[in-house]
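We've got the same protein chain twice here, in two forms, each standing alone as structure tokens: structure 1 and structure 2.
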Structure 1
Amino acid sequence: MASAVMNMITAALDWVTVIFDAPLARAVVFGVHIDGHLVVEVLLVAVILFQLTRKSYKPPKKPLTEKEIDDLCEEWVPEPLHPPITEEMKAEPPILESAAGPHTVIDGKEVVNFASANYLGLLGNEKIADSCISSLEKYGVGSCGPRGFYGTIDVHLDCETRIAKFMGTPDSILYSYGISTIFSVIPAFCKKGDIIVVDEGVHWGVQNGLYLSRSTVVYFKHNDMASLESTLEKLTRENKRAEKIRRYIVVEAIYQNSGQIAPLNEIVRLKEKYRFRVILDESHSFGVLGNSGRGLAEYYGVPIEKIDIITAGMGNALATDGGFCTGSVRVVDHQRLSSSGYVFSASLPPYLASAAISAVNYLEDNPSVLTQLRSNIDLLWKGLSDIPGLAIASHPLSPIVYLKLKKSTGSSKSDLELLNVITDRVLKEDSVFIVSTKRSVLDKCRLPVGIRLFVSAGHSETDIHKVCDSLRRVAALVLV
């Protein structure tokens, strides 16, 4: 057997030798020597080209029968449109049956409301309500068109002028929906290839704007200026094109997910040192911080022109709806053609713009409302300082008083279940409405979950003592 194999190999080698020794293998064509190796290489190239150009799939000679097609269709299972619905997803929040003021009605029972961001207590204000009624009688309810297509009404321009004057900026622009303001503004200025450095604690609206921008996003530790500086330093040093591309720092003035206040003076210093631009969301600080409620820049004494872009929702302190962006004329004009939330959405209903003007006027004429708000925040802080198992994580001037567990269970899900037990019992047993930080599956924030209490200038001392006593009693039963 072995000798037969050897004979076959010897015969094959002799055949190859004959090919290489053939006259064709030593021929000269147009001055090019044609040897055996070149012949083999040409054959290999031809085989490769044949394999590349041939069809990878040959249809069956016999088509499928109707029965076979039906069987295949019955076996096919499409991908689900949504993830499985769990029990916690089925939980329904309490339904309000009256205005969301300091007191509201839930299930036919009056409760003290610490779940609505009615910071200045303007919800239900008579002057603001009268301005809305006058606007409804004059303009109707809606605008029935985007701002660029016959949706601009004189009251929109009046509102933009009033906000710009109040903030001390050259111009401002209105949006019809609060949260769409920030996630329209970010992609209007930040594009693919740009760099955005952002606090890890920003709310979902900011996160969505980052996603839509398609920019390179780098997070720094929550409200940690050392982390911010090291991130800016690293990006500037390692990226050779850093000076030629647009770079932004995105922060919230008061963080919705923690109640912390951003140190604007340090952020501006780092912005100027590393040549970045700043986008600041003031949704929870406008009408709250500063001697006259003009926001974070007034609170820190930073010139407003040092902040490149400022956005805010008007559904909190102003007790209306919509949002605005304010800054230079160039910043505002760019959005009128490039911001999706402005260009493609029906404009803000005129009566809401009238309400915003009246609310700003009220704030300017009644600065004492800020004194009352801060007094209530201070009183709540004192009352919550000794709650068993819970600690205050927010800033002492923040109207969002944020409570988190002193000892986490190690799981955000388990922590949230504990907090939900507390909020549910406080509502059912003591008629006090507070909320935990239930986050959407889309929300990528990784800060600890907690209980948020929204303080209003409209709360009385009795309201504040009631929520403190209720939380102290229930937390002691649940956590100790």
Structure 2
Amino acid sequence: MASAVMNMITAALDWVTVIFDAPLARAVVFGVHIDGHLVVEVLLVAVILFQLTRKSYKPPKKPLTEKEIDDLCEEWVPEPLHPPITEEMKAEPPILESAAGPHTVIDGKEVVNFASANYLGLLGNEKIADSCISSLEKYGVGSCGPRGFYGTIDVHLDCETRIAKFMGTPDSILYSYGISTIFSVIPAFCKKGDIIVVDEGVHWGVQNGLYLSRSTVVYFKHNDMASLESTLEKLTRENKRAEKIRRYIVVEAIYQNSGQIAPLNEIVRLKEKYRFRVILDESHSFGVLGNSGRGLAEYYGVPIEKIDIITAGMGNALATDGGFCTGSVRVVDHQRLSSSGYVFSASLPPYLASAAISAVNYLEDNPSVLTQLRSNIDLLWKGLSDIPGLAIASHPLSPIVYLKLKKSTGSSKSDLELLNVITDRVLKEDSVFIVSTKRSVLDKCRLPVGIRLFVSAGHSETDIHKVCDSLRRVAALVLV
């Protein structure tokens, strides 16, 4: 046994000697005599280098045990679903007891109503009411299904053709609710990686659509064409591979957060220069601007084909509900399968679609109602020019007359409280119903708050004088 081990050791030692005596071990490389021990040292250095290049040792992660998970679940305390309720949250809006026309009844008293966007005075129109009644008797109230599954009623198709004919576009598509129009249209066309340039004063519907589209959103200063031009310039310069990226400019015709009107001729010039597409939200300008009420494009004399996508809610001038989107055939057809508010939602109730058709017919037959609206707005402007403490901040042609505080208190919350005091007193003491702008917690718009008056063609001169006198009186008491 011992001799076998001795034999093995001698054999191993012989092998080592052979290696050391190998020709390599006696080589002379570059004048350096290589001995056997050099081989060992080279090997050692190689091993050290190898270890240095390995990652440092990390102990493996141990998953949590069942007991630990149980403990964590026990300890976890969720926040309540709603924050503590403050006094201002408990305020209830005034309850109307009759139709929201130029005169309405609140709490049994008749008041002058400047809070409904009934621009053409079509609320309570006989012809429209008759068409609604015949529609209700034929079709019932709801349409009981989305457009793809027997919810398409022939009045919907008639309404779409009528609106397209009125606007001068090839086709249009009907949505069942005003605010869902814009936040379904934007994600249908704008996907991740596209660029959208948008005014900072747009309303929540547009903001939600932009967020859902996951595109890159760049804001420019409210209604400032120089800011728009510099933003477009910067974006086109930086993005050289802009062939596959779609670029959009989103603006509103009449901004509901400020009453300003977007200068469409400037925007179209910039869009053609920098190759952007325009999405225009005409909720408050359809049926109001232009000689025959066809909206912003007619007012500025821009051919309607230059605007790629026009959306509008019908809950304002047309005195019904729902919305539409119009544009080229490609634009409209694409939405029929990929716009979520169209595909996954029940269609517009048929009586509202027939009301829309009657309203458009009325507007086409009686363009004098637009001149009446314009003279009312002028009269109101004259009357409100000397209110102490409040200044008019909207465009002279806008049917939304926006009053701002001349001297802000510093925070929009206290501004709003002050304005609410004014509107409450005006309602209680003078029976005039006006409203301040209330913002949601989710709204990103930072424009100043104010009082909005919605002028209608159905208001008489006495109504307008009444609201001016009342505001003058109350503002003098509260603000000065």
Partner chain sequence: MVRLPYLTALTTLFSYGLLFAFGQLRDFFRKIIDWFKSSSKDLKGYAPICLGLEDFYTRRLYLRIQDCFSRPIASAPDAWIDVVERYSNDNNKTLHRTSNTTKCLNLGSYNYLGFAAADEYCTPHVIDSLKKYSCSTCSVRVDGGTTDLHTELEELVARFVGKPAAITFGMGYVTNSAIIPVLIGKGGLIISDSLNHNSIVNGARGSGAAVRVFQHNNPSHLEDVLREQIAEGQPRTHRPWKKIIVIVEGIYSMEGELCQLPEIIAVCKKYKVYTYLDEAHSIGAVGKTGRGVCELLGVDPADVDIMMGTFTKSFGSCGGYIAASKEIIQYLKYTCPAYLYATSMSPPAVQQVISAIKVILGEDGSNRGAQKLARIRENSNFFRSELQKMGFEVLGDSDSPVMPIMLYNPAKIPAFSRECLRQNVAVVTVAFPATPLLLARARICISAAHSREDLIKGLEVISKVGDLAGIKYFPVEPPKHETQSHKKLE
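Start at 1 and count along the sequence of structure 1; that gives the residue numbers used here. Since the model is a prediction, treat every value here as computed from it, not as a measurement. The term rigid core refers to the maximal set of C-alpha atoms that superpose within 1.5 Å between the two forms.
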Checklist outcome for this item: Students should recognise the form predicted together with the partner chain as structure 2
Item to check | Is_shifted Lys407 between structures 1 and 2 (CA, 2 Å cut-off, rigid core) | outcome: no
Item to check | Val421 C-alpha relocation of at least 2 Å between structures 1 and 2, rigid core basis | outcome: no
Checklist entry - Core-aligned, does Lys192 move its Cα 2 Å or more between structures 1 and 2? => result no
Checklist entry - Core overlaid, Ile48 C-alpha shift between structures 1 and 2, how many Å? => result 16.2
